[in-house]
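Coming up is one lone chain in structure tokens, specifically the form predicted on its own.
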Amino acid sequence: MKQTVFSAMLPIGESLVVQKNRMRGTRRDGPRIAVVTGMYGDELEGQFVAFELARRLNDSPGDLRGTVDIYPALNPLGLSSHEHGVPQFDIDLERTFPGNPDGNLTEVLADAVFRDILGARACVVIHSSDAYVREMTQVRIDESPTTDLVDLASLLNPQIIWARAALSTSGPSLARALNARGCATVVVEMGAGMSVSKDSGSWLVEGILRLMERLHAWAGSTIALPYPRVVRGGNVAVLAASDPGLFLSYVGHGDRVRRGDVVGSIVNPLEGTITSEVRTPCNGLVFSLRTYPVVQPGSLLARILEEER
């Protein structure tokens, strides 16, 4: 059932409307789970997850024991204009939570969404990477997570659980605000911006159903991936460009590399020369890899999950 969470008239004569799809199961007193995406207009992976999760629940209504609230588009203006933030306001919606009922338009929106989610047993916030870097499916949580939060994260079929002080989990954010109020919330980072990875999205849907099963909100079938690797922030090597140019990768997303391997080169198309070689400082797994080849000094090229030799 579609419900309006927030609505406001805009100066241009249009309306800003945030909706959710509330799906009720056979037990009205069952737990409530929230699935949130569409925070940024250039992150589309969650759009497929929202569709596929609703489809699965629609196909098996008798297996739903609790309530699932799906918020597919917290930033509908950004999604319609393909912009990262909220258009016209130049505001990062993620950084406005828990919001302010007496603030500007986006702060009031954030307050309405935050209060609407409160009371849920668990919340899954889905983000994509940007258009320049592709990510393996990972759950990002605070550096000192509770055991319960790690357990919930592991149910989502991620390839990695990264405990780190990420912007998506620290400082003003929906996840931080909800966790502070007792709603167990995890952040999923997956795929790349401006694209959809159906296989990864389908695995995440299976993971959300597993989480619902654990919370006694789902009685249907689920599929599990092997238990993910849990890593801390210090176990990740970040490779950045030292020169401008064109980055040519010699490894694939998800490949394992050894210390000293050349993972790519930065080349100068004008002169036909290799400006620099990019070598890995450790043995490990490439879980973030640049897909947009044009780089400047400091551009992220890859993240490598450190592993023992």
Partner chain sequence: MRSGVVYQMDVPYREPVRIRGFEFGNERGARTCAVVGSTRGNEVQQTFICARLVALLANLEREGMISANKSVLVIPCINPFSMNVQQRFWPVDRADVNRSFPGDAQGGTTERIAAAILRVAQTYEHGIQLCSFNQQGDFLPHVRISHQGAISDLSATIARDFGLPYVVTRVPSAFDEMTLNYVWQQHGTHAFSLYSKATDRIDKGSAQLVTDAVLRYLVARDILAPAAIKATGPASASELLHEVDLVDLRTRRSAGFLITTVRVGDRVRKGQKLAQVLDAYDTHVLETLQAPVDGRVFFMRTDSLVQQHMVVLRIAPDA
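All values reported here derive from a predicted model rather than from experimental measurement. Numbering follows the first chain given and starts at 1. Superpose the two forms; the largest set of C-alphas matching within 1.5 Å is the rigid core.
What comes next is about the form predicted in complex with the partner chain, which is not displayed.
Put simply, Ala240 is close to the partner chain in the predicted bound form: some heavy atom of it is within 4.5 Å. Heavy atoms of Pro281 never reach within 4.5 Å of the partner chain in the predicted bound form, leaving it off the interface. Under a 4.5 angstroms non-hydrogen atom cutoff, the partner chain in the predicted bound form has Gln88 among its neighbouring residues. With a 4.5 Å cutoff on heavy atoms, Pro244 counts as touching the partner chain in the predicted bound form. Using a 4.5 angstroms heavy atom cutoff to the partner chain in the predicted bound form, all of Asp42, Gly103 and Gln296 count as contacting. The stretch in contact with the partner chain in the predicted bound form, judged by heavy atoms within 4.5 Å, is 244 to 252, chosen from 244 to 252, 22 to 30, 45 to 53, 66 to 74. If you take 1 to 26 and check each residue for a heavy atom within 4.5 Å of the partner chain in the predicted bound form, you get Phe6, Ser7, Ala8, Met9, Leu10, Pro11, Ile12, Gly13, in sequence order. Here Met9 does not count as shifted, since its C-alpha moves by less than 2 Å between this form and the one not shown after the core is aligned.
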